[in-house]
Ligand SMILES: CC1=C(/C=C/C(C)=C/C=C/C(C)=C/C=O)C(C)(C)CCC1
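The data below hold one chain only, encoded as structure tokens and taken in the form predicted alone.
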């Protein structure tokens, strides 16, 4: 695991041409843009957690059957400060750092008040967000960084707090057909309240690019939900949407604000302030997108930790949503670098297995239904919703599949009925060893795997004009631990899961987290000028945004 997690990766600033074997579909023209941690040591200092590493952007530009690769570290304020000091001076979630290594406990006490609600890092290493015509590297703090998707150049720093009152925000926004962005953030102890804020960023604004006006300036609060605890809000990584509703899980994986307020003076990380409370319920909040208000019914399920929602949709008066669920918060603990690089196999077996679960909620609870009765009568699922004495509804999921993570779908089916989940297979380990296509209808699966190969999140790109949900290709960046095998971009037929092509590169590629595919917008690799065929290519290769 040292090859994957321990080594700092070098940038590949100039595009390098990959060796392509097989044949890439002629219609596939564009750039796969990915994000993830690439540097875990600065000078003689080392991050504690894999999710703390400095963000390394990389891209695969696909044009006319050829592939070019490049990578560049995000030039965040965090990166700049660390590199200039030649050590880690900016705190990350799993690593507390101090600008002056000679600080004693008294000087720490003097400055800790400014860290009660800390000024978080802008090391945006998790995902890429599209906002109108702009692209941003994102993390889970209040900061995002605008980037140039062609050159990977880092542009301006954006603070969500200037537009909506959130201290934290997800890296998994949703997009509607018009390109508007919907996201969720946490407002911590703002005017005596802690709440979860759903906010919307329009795809376009009056004046737009001509006047240099960012859509972020027209961001609006869509709805807010009061946290059940003022000082212990839920952690969350994503959420779900349907045509008419938003699905938000308030789970018993909680951030202790009082502990966080003293973390700096105590010299402990913010991650140590995050704890799973197995005695609590998971509360399911449903917000009506038409009224912008939570529905009145109260739903809950057993304690669990969810990082990734898969999809959600409505059917016959019910709301169905699928998530990857864990029994506890042990996954986060495993990604401490000490656990990844020492006794890894033994440590990984101590984590709970990620399980694809389907929940079904009745949108209208029958007041006359008997207590204990099942309010769901869909023949397509065994999930149940049991009415309780106080009128609340206990939701019992259907277990669909064990051992997958990093789920993706054909995003044209987001919020709608769907059939296929494309995900990374994680059997004995939380580190992917396979790529899986799971068929929810038939409960069957197809798999791709190769010895010593570690695939990143699989991303679906539909064939232009496709009618079938799985008519398209799967793209995944593959890291190799075999010194005789170079890392490569894998291209699979999404229908059959047969390999169409691979593009190998002679660089040491990092294991990334999330990203998106950008249809060819007409830039010429190297020259950065539009090519003559650009309009036709863009029209042929345009795909739905990916979250």
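In this text the structure is predicted, and so the values were computed from the model without any measurement. Residue numbers count along the first chain shown, from 1.
The same protein also has a form predicted in complex with the ligand, omitted here; what follows describes it.
*Take the ligand as it is posed in the predicted complex, superpose the C-alphas around its site onto the chain shown here, and state whether the site is open or blocked, counting it as blocked when 3 or more ligand atoms lie within 2.4 Å of a backbone or C-beta atom.*
Answer open: no ligand atom comes within 2.4 Å of backbone or C-beta.
*asked:* Under a 4.5 angstroms heavy atom criterion, identify the one residue in 79, 199, 420, 93 near the ligand in the predicted complex.
replied: Contact check passes for 93.
*Considering 479, 42, 500, 513, which brings a non-hydrogen atom within 4.5 Å of the ligand in the predicted complex?*
For this set of options, the contacting one is 513.
_With a cut-off of 4.5 Å between heavy atoms, is residue 126 one of the residues that contacts the ligand in the predicted complex?_
Residue-level check for residue 126: yes, a contact with the ligand.
*Using the partner position in the predicted complex, report whether residue 298 sits within 4.5 Å of the ligand, counting heavy atoms only.*
It does not: once the ligand is placed as it appears in the predicted complex, residue 298 has no heavy atom within 4.5 Å of it.
_Partner contact for residue 121 in the predicted complex: the ligand, 4.5 angstroms, heavy atom_ = Output for residue 121 is yes: heavy atoms within 4.5 Å of the ligand.
*Answer with yes or no whether residue 237 is in contact with the ligand in the predicted complex, where contact means some heavy atom within 4.5 Å.*
Flag for residue 237 set to yes.
*What stretch, of 153-161, 136-144, 461-469, 356-364, brings heavy atoms to within 4.5 Å of the ligand in the predicted complex?*
Among the listed stretches, the partner-contacting one is 136-144.
*asked:* 222, 245 and 309 - do all three of these have some heavy atom no more than 4.5 Å from the ligand in the predicted complex?
replied: Negative, none of the three is within 4.5 Å.
_Do any residues of 162-187 have a non-hydrogen atom within 4.5 angstroms of the ligand in the predicted complex? If so, which ones, in sequence order?_
Residue within 4.5 Å: 168, and no other.
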